[in-house]
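A single chain comes next, written as structure tokens; it is the form predicted on its own.
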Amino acid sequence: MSRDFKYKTAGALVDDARARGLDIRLSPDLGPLTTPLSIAGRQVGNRLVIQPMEGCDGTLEGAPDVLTFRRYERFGAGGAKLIWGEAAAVVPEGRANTRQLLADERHAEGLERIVRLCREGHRAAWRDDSDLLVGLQLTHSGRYSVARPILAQHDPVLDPRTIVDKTTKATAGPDYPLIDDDALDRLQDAYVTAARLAARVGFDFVDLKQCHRYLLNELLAARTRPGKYGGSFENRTRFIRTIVQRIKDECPGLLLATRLNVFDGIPYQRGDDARGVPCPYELPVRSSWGTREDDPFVPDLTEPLALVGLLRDSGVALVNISMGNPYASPHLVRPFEYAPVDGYQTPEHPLIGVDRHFRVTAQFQAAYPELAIVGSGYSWLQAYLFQAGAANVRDGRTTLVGVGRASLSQPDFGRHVLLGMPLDPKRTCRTFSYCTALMRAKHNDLGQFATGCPPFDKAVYGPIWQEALGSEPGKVTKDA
């Protein structure tokens, strides 16, 4: 049963938003979502985007596997014209989990098959795939790397939560080493190599992932880091500016994109009543990007706006706006009804989080009206998701509408929008966090359960859910 989502009509949702002082707009006309557009000279058939949804279902070696291929074939057939492929690590030590994909030469065949199945599924359902874009997200997980944390900076709030020894549960103290400048220089080569590979096997674009407190996001906030990658804005943006220029020079024809945190905020923890409360912090907070140093609950978009301008001028054609930390502030990333077992219940009404996404995205779209901006934060709106997306596109608050968790339960949402049909209520994501609970479950021989939607994709993920429930009770709960 939904805890906060109580709306029987679109009008009831809008009235509640207004009563809370929020700017949530809905449009019964979904026409804006079906309008084609051009991104860097490439035609895109509509405004619907599959967000980068990681399945944690690759092999231990980093190759895509059966469930990976199934997911992308379904995404391709679903009707969205921009499919933002999931995170693939550019080096083995940068993987976030034991089953994350690797973007390296050993796995070129599997990555090529992802693109091929995606396009074949699209052609089978829609005949023409000339206006379909398929991308791959290139990542390094930084402090969330599964082998060992790799820190770009010391964060006085996150370090006590960063386990560096799984046996002793020791956390990152002030003496824990940071990744050095030479290693960052070498890492640039890995990004360029991965981009060349992506272009060769058929991806239309690569996303240089700078969100959710992974390595490139953390570099943006590294004010206390010494050397050429820390301190000043110029230094903190040096890494991303360099690899953008190198990829542009070495991979002509490959579109460049970035999923960018524009507001890190502050980490949260589970309070006495199970709701999230801020972790202890001291002012000024200097380790968070896009965040007011004197009030870390408020975005400061000055530097993120400046960075987007620099990236646009360097050739980045597509920006996906995000915020928060899925491990430490998930209510900022994706407003939810219920948290996974290792999380906290939302400290704010989820509609506030949806409004934050919409307002912040609108500021970037207003600043760069010619840039293709993808907005996030829609899934909690359930049946009203696309009415909100249509209103935001209509009003110039975003260029495209990104759908994340809701694409796992109903990957053919695009078909419903394009054919004027309502979403299938039996497959509409209710943000109960089953997918996240599976993603957090590690207690099997592979060190990671594949993730999907157990309630609405029962034939495949129901047995996986039951295995996660039964193999170590308490790690995953039925009311996740």
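Numbering starts at 1 and follows the sequence shown. Since we're looking at a predicted model, the values are computed, not measured.
The form predicted in complex with a small molecule exists for this protein as well; it is not shown, and the discussion that follows is about that form.
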*Although the small molecule is absent from this view, report whether D264 comes within 4.5 Å of it in the predicted complex, heavy atoms only.*
no
_With a cut-off of 4.5 Å between heavy atoms, is T361 one of the residues that contacts the small molecule in the predicted complex?_
no
*F75 near the small molecule in the predicted complex, any heavy atom under 4.5 Å?*
no
*asked:* With the partner left out here, check for me: in the predicted complex, does some heavy atom of E218 sit within 4.5 Å of the small molecule?
replied: no
*Can you say which of 206 to 214, 174 to 182, 161 to 169, 300 to 308 gets within 4.5 Å of the small molecule in the predicted complex, counting heavy atoms only?*
206 to 214
*asked:* If the cut-off is 4.5 angstroms on heavy atoms, which of these, A257, V403, A152, I247, is the one near the small molecule in the predicted complex?
replied: V403
*Scan R397, R236, R334, R95 and let me know which has any heavy atom within 4.5 Å of the small molecule in the predicted complex.*
R334
